[in-house]
Every structure is written in structure tokens, then in C-alpha cells.
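What follows is one chain in C-alpha cells, specifically the form predicted on its own.
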């Protein structure tokens, strides 16, 4: 009987275990993607553009044999199964709170007609739930998780099966089922799709991986892989990447550690799904935060990159103008929001999800909670990033700042320390909206109140 291959966060054809399962024994396979209106409305235009571009490249790789349909999956997937008389639907497992609820609803709907939903593999090197302590409980701290994660290990890349698959042509199905991939017209600074992911990874391995440990915190350098969006949408699997990492060298070992962090946060969110929007450490529910009109005004200045702190403003404008932000700068701007402006971390996390091409629920929410001090393995509450010294350390010549803040890039500022602006801001650039030293003291007071 025919099978259905339901693409989600795995928009590729290589290293894809559910494809191998769907196509076993020469079974005919219908490839499909369901545009869920709930996810469409929660995605910013750039993330939706990256999704649409990835779907178009996937469809091209399948010679057009990808059915894109719109609707609630628990309605559309059973309908597609009925159209082709499928008895099985194959997927990569999803461990986000939304994904778990969605898949349970789809499985229940399919069960009514005798169809099974079969999950094979996941978007992670090590699937959430596999890395546990000896007593079976989950890890709450990254370092011991990392050691056990290495011991558990992972398989090599899955074999390719695309040449042997008997794809069902969606043109044979009702035209009412089909819609085009989203195309909101947003500009991207990163090509989407599997071919682009593989090419980008190859270029990074050849040119930047060896120096990654030393250069990864430098936003003024093109030293990172830019694989985060590709990992978000599964246009490449981390197994494919790990196969190129010689863990004995510092650069590859440092990169592998970042992949482990990705797995760790996915495992944390899977174990504690409420931590998507609530403090993982519920003691932090008692912390004093600002939410009134002045707080809203400060939040708008932060979003617009007009705080008067150059490294913060550069990061926020990079986010606004490109849908991406360097990871070190993400930590700086997050610390500024929660510890200088005293705003709820959820405000910043929501804005990031709206703007980021690589917006990932587990990474984003728990990265924010790390900065806020409320998450697992969180930064100590007394660690308050000084945005000026952070900028001087990681953007020493101010190249990153000048790239994204044109008010600080004029020839009259050549040779000026753009981190401190001792003679005051130039025309058009704001004064600092807060006194960092004073707000650090205030942040420590508030954190001290919750014990």
C-alpha cells in the first residue's frame, strides 16, 4: 500500500531516516508538507520566506512531486491518506510542546481509519530523553549532560534512498488540495534549501572551522557557520555535520559543544514543556520586573536599536534588518533587556521569535532563561554583562558596530572609540537610555530579594 512522507523540520532528501522507512520494499510514496495556519501566523516574514524557499528547492529536487497543502494537520493528513489509500504516515519525531500536541491529534485522527503515524529519528544528534542520569532522571546542568551525551553517542548519516523511491505525482490528486509555498517577498542574506546548506557547511569546514574556538565570539568576523536556520528547518541534519568534525582539534570540539547545547535545550523543553514561557526555576516568578508605560517605551527603544549603547543597538538592528544576530551579541542584548531595563525575558524571547530566521523554541527560550538566571544551568544572577566592555572585548575595532549603526560610521568618527563615545553621541544617535552602573546595582537588589 502507498505511504505518506510528511515533511516538517526535515526539508531535505539526504540523511533522512523516515524516507528510508516510507520507501521500504518499493512502496509508492506521496511527499507532502502541511502549511499550518497557526505556524504561519506566528512566523515572521523572513522565517516564512526561508521556509518557502526551502520548500521550493525541495520540490525542485523531487521534480515537482511535493504536495503542499494548507490546513490543520489532524484534518489534512487523514484526507491525504484517504486520497491515496495510505496505511502509514512517516515523520521525524518532533519534541516541541506544540509539535507533541499536534502529532498526538494527528495520530488520534488517523487511528479512526486504521492508519499509523510512525516517527523515525529526530532533528537532533541524540534524541531528547535518551541522555539521562543513572537513575533515569533528566539532567539539569549542561556539563554532566555533555559527558553522558558523548557516551550515548549517535549514528552516522543515514543512507540515501532518493534514487530508488517511487514518488506519487501530486498532480494526479485534486487541485483543491494544493497550494503554493509561502513567498512573503522578504529579503534574506542566506540561501535556503538542502544544496545551500551542504555548500555552506563545506565552505565553513574548509575556511573557518579550525579557528572556530577562538573566533566564534567575534561578531566583527565572518567566523560562524550560519547553520542555525538550516538546522531549524532540517535542510541539513547534525549527523551530516558531526561526520566532518575531528573532535581532537579545538575548533571542531568547540563546534560539537554547540550542537550538544542544542540537544540539551531540546531535552530540557521536552522534559519541562511549561518552560517555553514560564521560568524553569519557579522561584524567579517572584522577581520584580517593570511592565508599565516607561517599560514599554524602553522596550521599543531596545527593539529599534536606539538604546545609546552601540553594541546593543548594532545587534538589534542586525536582527531587524537581516533576521539574524550573532550569538555573542544575543547574550549581550538579552542581558541588557533583563538586567539593565528590568523587563520580562518573555518580551525579548517573543520579539526574537518574531524576527529570527532561525527562531527555535528550545534554543531561544532557554537561551533567554540562561541570561535571565531563571533556567537550567543558568548564568549566575550576579553576572550582569557590561555592554561597553563586552563590545570592546569582542568588537575591538568597532567594525561590527559601524556595519549596523551608520550614525557611528561617518569619516568624522574615524579613530574614535565607538564603544564609549567620550565626546557624546554624534547627531542622530541617542544618549544612553539608562546608567548601566546604577541599573546593575538595581538588578542585583532585585535578584537578592528572591534569594
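Residue numbers count along the first chain shown, from 1. Nothing here was measured: the structure is a model prediction, and the numbers come from that model.
Just so it is clear, the following notes concern the form predicted in complex with the DNA, a form of the same protein that is not shown.
Among heavy atoms of residue 38, some come within 4.5 Å of the DNA in the model of the complex.
The DNA in the model of the complex comes within 4.5 Å of a heavy atom belonging to residue 353. In the model of the complex, no heavy atom of residue 214 sits within 4.5 Å of the DNA. The shortest heavy atom separation between residue 169 and the DNA in the model of the complex exceeds 4.5 Å. For a residue to qualify, one of its non-hydrogen atoms must sit within 4.5 Å of the DNA in the model of the complex; none of 366, 445 and 447 qualifies. Just one of 297, 101, 250, 150 comes within 4.5 Å of the DNA in the model of the complex, counting any heavy atom, and that one is 101.
Of the residues given (154, 139, 278, 95), 278 alone sits with a heavy atom within 4.5 Å of the DNA in the model of the complex. Heavy atoms within 4.5 Å of the DNA in the model of the complex are found in exactly one of 222-230, 270-278, 118-126, 327-335, that being 270-278.
Residues of 345-373 placing a heavy atom within 4.5 Å of the DNA in the model of the complex, in sequence order: 346, 347, 350, 353, 361.
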